[in-house]
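Coming up is one lone chain in structure tokens, specifically the form predicted alone.
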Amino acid sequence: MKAETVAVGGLGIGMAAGRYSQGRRRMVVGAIMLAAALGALGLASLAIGDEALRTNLPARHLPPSWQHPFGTDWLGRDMLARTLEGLWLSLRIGLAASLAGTAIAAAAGLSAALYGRTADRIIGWLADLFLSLPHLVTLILIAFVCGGGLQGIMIGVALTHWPSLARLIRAEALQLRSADFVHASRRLGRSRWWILSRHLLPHLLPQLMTGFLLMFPHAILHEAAITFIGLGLPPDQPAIGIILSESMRYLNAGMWWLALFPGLALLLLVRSFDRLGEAARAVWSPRRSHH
């Protein structure tokens, strides 16, 4: 009976190790492919000249062709060039907003776990407040108060996407605070900042990276959504939300390519980051990935 139990336990450990290795391999391959795609997107954005984005009325309303793979719009602008510029702009906005949101979540979660009950209650109340309101409504209000534009969108996205990650960081920090090595450091007279930087942050880095990767696609989608309804970037910016918003007026005229290709590009970009985030969570937080 003991031999069977040991065999079953060994089989379970082997299967878990196999799933971990497979998930890690999938994450690495996905990260390499996504990095290559983003590098190609960045080079393409730099290679695009102003000529492709200028008005060219004789070439307007052209369907997809070899010369214009994504067609042209009502002003004769190349839709492939506009789509690449829009994706690159969305990436920069999403990167800045996600980094800021992750930093806010880390600061809030660690403060709630390390600075007593008062800080925990205040931060918990703020997290509940933000979670009780719809993301898009709160984002619109914050962006409007901050003056709109690029700065307003980034601030709005950063301030509306931190509560869930902050709760996770708080729970992990509370567990780490009761660990033996933390108690030993306290007995040796180590400062709170020393314990935070040497013990807590290295253990919390995988959760922060996973949270950043999962926050990234939400930031891009919400930026596109708020720009789509006209409360984000100015119309002269080739953002995906602006491109999709402008294309709605021409769908009835049969110019389907104005919305199809930019929408698919945005979907593929968001889905790629979402899959990478899920793979990272399966590798770095295997217990949460099965819940």
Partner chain sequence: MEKLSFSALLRFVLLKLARLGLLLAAVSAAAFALVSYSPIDPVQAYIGADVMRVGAEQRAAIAAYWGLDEPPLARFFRWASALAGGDMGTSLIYRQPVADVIGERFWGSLLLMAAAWLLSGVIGFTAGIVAAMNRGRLVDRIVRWYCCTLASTPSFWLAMLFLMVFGVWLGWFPVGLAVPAGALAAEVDWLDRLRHLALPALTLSAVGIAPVALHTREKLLDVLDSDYILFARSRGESGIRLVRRHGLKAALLPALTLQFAGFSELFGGAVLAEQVFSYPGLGRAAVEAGVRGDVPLLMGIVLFSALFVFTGNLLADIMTRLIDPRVRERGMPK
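Since we're looking at a predicted model, the values are computed, not measured. Positions refer to the first chain, counted from 1.
Below, we turn to the form predicted together with its partner chain, even though it does not appear here.
- Residues within 4.5 angstroms of its partner chain in the model of the complex, judged by any non-hydrogen atom, belong to 141-149 and to none of the other stretches in 190-198, 141-149, 92-100, 175-183.
- Just one of P64, P234, G263, G42 comes within 4.5 Å of its partner chain in the model of the complex, counting any heavy atom, and that one is G263.
- Among heavy atoms of A282, none comes within 4.5 Å of its partner chain in the model of the complex.
- Although the partner is absent from this view, L80 stays clear of its partner chain in the model of the complex, with no non-hydrogen atom inside 4.5 angstroms.
- A residue is said to contact a partner when one of its heavy atoms sits within 4.5 Å of a partner heavy atom; L131 meets this definition for its partner chain in the model of the complex.
- Under a 4.5 angstroms non-hydrogen atom cutoff, its partner chain in the model of the complex lacks A35 among its neighbouring residues.
- The partner is not shown here, but in the model of the complex the stretch 209-224 reaches within 4.5 angstroms of its partner chain through a heavy atom at L221, A224.
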